[in-house]
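Take a look at this single chain, the form predicted alone, given in structure tokens.
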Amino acid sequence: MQNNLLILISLLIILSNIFLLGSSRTGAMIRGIAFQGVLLSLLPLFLPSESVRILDIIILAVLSIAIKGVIIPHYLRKVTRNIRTKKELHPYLGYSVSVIFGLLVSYGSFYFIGKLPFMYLSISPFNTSAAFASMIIGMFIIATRRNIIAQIIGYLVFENAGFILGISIASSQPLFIEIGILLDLLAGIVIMVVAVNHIHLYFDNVNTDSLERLNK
């Protein structure tokens, strides 16, 4: 039963990544990354109780859903309303190509990760495969989107991959490390949101092409 639930969570994480790759509207992308945050908050509950304190598991799960599923999406929605951007125009690569790339990366991750020797550290090989796929897809979103909000979401996808990998080896490291990373992530996103507001005030848009003018 537990293994089936972990497989389901891994597949939903992959589907949320594909959804983000195919989305042009920032509101939809924010909902997608919030959904992914809720999924990740469930992973600590599958850690073996004999190796990790129950209280630590509960604290990490609650902080995860609060920060990844509620607070960060709230800040992103707020900055999106402030800058009045609803849709990204003309990404460097089209959405269809992006979705195909995501499907290929996901398939490759599930195929190759099972052959690596460190799989015994993971609570589920499916989670580790989803983590590596998310890492590559997050970097892909950062590299191919012009809109800063979309790039921030790409950064969150990349960070989510690190969170999954951290949970995979949580039984051999203190969970307060993961908690510290979550708080650092929250602080980083707040700083990014403030920066996006200032960029919008100066350039009247949030496309990264505008930042090239800073060097002139």
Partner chain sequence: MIINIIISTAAALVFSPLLIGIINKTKAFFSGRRGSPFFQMYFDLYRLLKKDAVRSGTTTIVFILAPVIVFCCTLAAAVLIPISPGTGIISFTGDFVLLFYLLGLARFFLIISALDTGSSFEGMGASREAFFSAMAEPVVFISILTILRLNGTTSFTDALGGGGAGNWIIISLATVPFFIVMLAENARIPFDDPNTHLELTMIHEVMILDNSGRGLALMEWAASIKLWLFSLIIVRIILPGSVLSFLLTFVIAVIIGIVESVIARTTLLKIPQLLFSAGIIAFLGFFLSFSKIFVWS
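Just so it is clear, the model here is predicted, and its values are computed rather than measured. Positions refer to the first chain, counted from 1.
FYI, the form predicted together with the partner chain isn't displayed, but the following is about it.
Asker: Does Ile71 make contact with the partner chain in the predicted complex, using a 4.5 Å heavy atom cut-off?
Answerer: Residue-level check for Ile71: no, no contact with the partner chain.
Asker: With a cut-off of 4.5 Å between heavy atoms, is Leu103 one of the residues that contacts the partner chain in the predicted complex?
Answerer: Leu103 belongs to the contact set for the partner chain.
Asker: If we define contact as a non-hydrogen atom of the residue within 4.5 angstroms of the partner, is Pro125 a contact of the partner chain in the predicted complex?
Answerer: Yes.
Asker: When the contact criterion is heavy atoms within 4.5 Å, does Tyr107 count as touching the partner chain in the predicted complex?
Answerer: Because a heavy atom of Tyr107 falls inside 4.5 Å of the partner chain in the predicted complex, the answer is yes.
Asker: Between the partner chain and Val38, Ile137 and Thr144, in the predicted complex, does every residue show a non-hydrogen atom at 4.5 Å or closer?
Answerer: No.
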